[in-house]
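A lone chain, given as structure tokens: the form predicted on its own.
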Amino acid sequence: MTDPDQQTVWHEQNLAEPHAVRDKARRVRAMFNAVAPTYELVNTLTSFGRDAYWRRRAVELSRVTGTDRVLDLACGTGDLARAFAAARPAPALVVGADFAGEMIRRAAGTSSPAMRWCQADALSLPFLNEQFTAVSCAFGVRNLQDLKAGFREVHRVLSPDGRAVILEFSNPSAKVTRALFHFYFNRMLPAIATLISRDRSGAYRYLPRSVLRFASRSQIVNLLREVGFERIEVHPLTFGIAVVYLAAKAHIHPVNA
């Protein structure tokens, strides 16, 4: 029997507008289950090691303390969660959550007493209100079926004055940098990543389309405000290829959110 996670889930016809596909969540889960064995290796090689710097910078910008309780959403194999756990001072608790079972299985293979792992959907988290002081997500919010609903859940589980730490790809603003980025991202990266991973799900055809068709920086900031975040900071990294968004939970939830 063929493993369903090894079947092609992203075709040219549904990659034209990947964020509008009605069963996007199912496809994303199957895709990540398929690429889990080589996920970290591919990320390191195709980013020339910059992905580790981006995660470390996100942790630095979060200004984590020894009393923080951190939830890392769409944690994958646990890179960002481990970066939080390695911070000095280290948070009191780091929980990594992902809805792809193969990702969580690999993440749980390396742990520490202050770390926990949970298979969970970011749109319906199994946590009480105001349970965490920080919620992070690295390169995951663009994979959500409903971005605004995901931001609402982040807001719900954050304590008063808690902060969201979102690391995501972005389109560089400089014309030459943007052109070089698009050439590499659209032409070279999918071929290299597919060769290394031997992926048949279409994950690395989806990746560039999902980034280039995703919400702009200003749209992400506006959505964060709509669900009740304030004091939003935008920190471009590596010529704007990646961006860290920091947002504080407002004390009063907006009526129209």
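Just so it is clear, the model here is predicted, and its values are computed rather than measured. So that there is no doubt, residue numbering starts at 1 and follows the sequence shown.
The next section is about a form of this same protein that is not shown, the form predicted in complex with a small molecule.
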| A120, V157, L147, A87 - the one with a heavy atom within 4.5 Å of the small molecule in the predicted bound form | A120
| field | One residue of F139, F132, F181, F151 in contact with the small molecule, assessed in the predicted bound form (non-hydrogen atom, 4.5 angstroms) | value | F139
| query | Residues in which of 188 to 196, 221 to 229, 38 to 46, 60 to 68 have heavy atoms within 4.5 Å of the small molecule in the predicted bound form? | reply | 38 to 46
| task | Please state whether every one of the three residues R50, A83 and G96 places a non-hydrogen atom within 4.5 angstroms of the small molecule in the predicted bound form. | result | no
| the small molecule contact at F32 in the predicted bound form, heavy atom, 4.5 Å | yes
| task | Determine whether any heavy atom of G76 comes within 4.5 Å of a heavy atom of the small molecule in the predicted bound form, and answer yes or no. | result | yes
| field | in the predicted bound form, R27 touching the small molecule (heavy atom, 4.5 Å) | value | no
| Does M115 reach the small molecule in the predicted bound form, with heavy atoms at most 4.5 Å apart? | no
